[in-house]
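Before any questions on binding or motion, here is one chain by itself as structure tokens, the form predicted on its own.
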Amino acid sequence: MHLQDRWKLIIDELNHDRVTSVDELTERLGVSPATIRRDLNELHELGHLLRVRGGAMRIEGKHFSGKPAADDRRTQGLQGQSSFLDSSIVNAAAKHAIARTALDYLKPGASMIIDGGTTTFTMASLMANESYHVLTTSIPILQRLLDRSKVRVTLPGGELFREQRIILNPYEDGMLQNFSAARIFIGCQALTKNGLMQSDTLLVQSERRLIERADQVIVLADSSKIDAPASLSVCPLSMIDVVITDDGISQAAKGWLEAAGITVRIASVEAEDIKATEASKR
């Protein structure tokens, strides 16, 4: 059973007025208790259920695949952006390899910005408990870093966009204006000859302000993002220092990125990346 299908079934089995036990879910879905516990923990972190001792409860009104009402769609999600859950299962092994390679750019004591996204989330999950200062717009990244006692975390104010699990501020004021980072780790909707691209105007505004606060821009983008369709430019290629991608990138694309002065790091998918991905599906 596909991970996303199993998660939908789990949500469908829950009630908002009583606890559904791990044993009940194990019997109904035909998977191991360890798998159910892992799924419940992940879904709790992503805000899709309430994890309690022995099982879980539904968050009233929450449906895993439900579409938000038309008048509530803007606060639920961003234009043209996949939900965090949908994105997390696409090219997962490549994203894990890219995130693992990005760890080479971490330096204890340094400040950094980690933008919202599933590849940056994986990077945060792999980070050691060192003296980093992280500013992030991502709720899942915040949750991942909660148990890293040496990591200082700053969360800018703004509005929550539930589907992408990020906080964006459409205004110029706020903590971000006083934050300075050595590096920003950022994903994208697409990476083209026109630069780093997104599909939502509010996200573009937010990411432009984040980039302004960093000395070095490191883009984490699996090869499916190279020359993918997207309409809005966040920044030109000249503002990007490093692109970390996988070996699915074409030689032509690698060529025009390097011609723009960008260092291109190719992350090869290894056994540990596949193993980590398969573990999350069980």
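Just count from 1 along the sequence shown to find any residue number. Definition used throughout: the rigid core is the maximal C-alpha set that superposes within 1.5 Å between two forms. Small disclaimer: the values here were computed from a predicted structure and weren't measured.
Below, we turn to the form predicted in complex with a further copy of the same chain, even though it does not appear here.
Contact check at 4.5 Å (heavy atoms) against a further copy of the same chain in the model of the complex: none of Ser32, Leu40 and Ala128 pass.
Gly255 falls outside the set of residues with a heavy atom inside 4.5 Å of a further copy of the same chain in the model of the complex. For Pro108, no non-hydrogen atom is located within 4.5 Å of a further copy of the same chain in the model of the complex, even though that partner is not displayed. a further copy of the same chain in the model of the complex is not approached by Asn194, whose heavy atoms all lie more than 4.5 angstroms from it. Among residues of the shown chain, Met239 is not one whose heavy atoms approach a further copy of the same chain to within 4.5 Å in the model of the complex.
Considering a further copy of the same chain in the model of the complex, the lone stretch of 145 to 153, 112 to 120, 201 to 209, 95 to 103 in range is 145 to 153 [heavy atom distance within 4.5 Å]. The Cα position of Met239 differs by less than 2 Å between this form and the one not shown after fitting on the rigid core. Core-aligned CA deviation for Ile262 between this form and the one not shown: less than 2 Å.
The rigid-core alignment places the CA of Pro229 less than 2 Å apart between this form and the one not shown.
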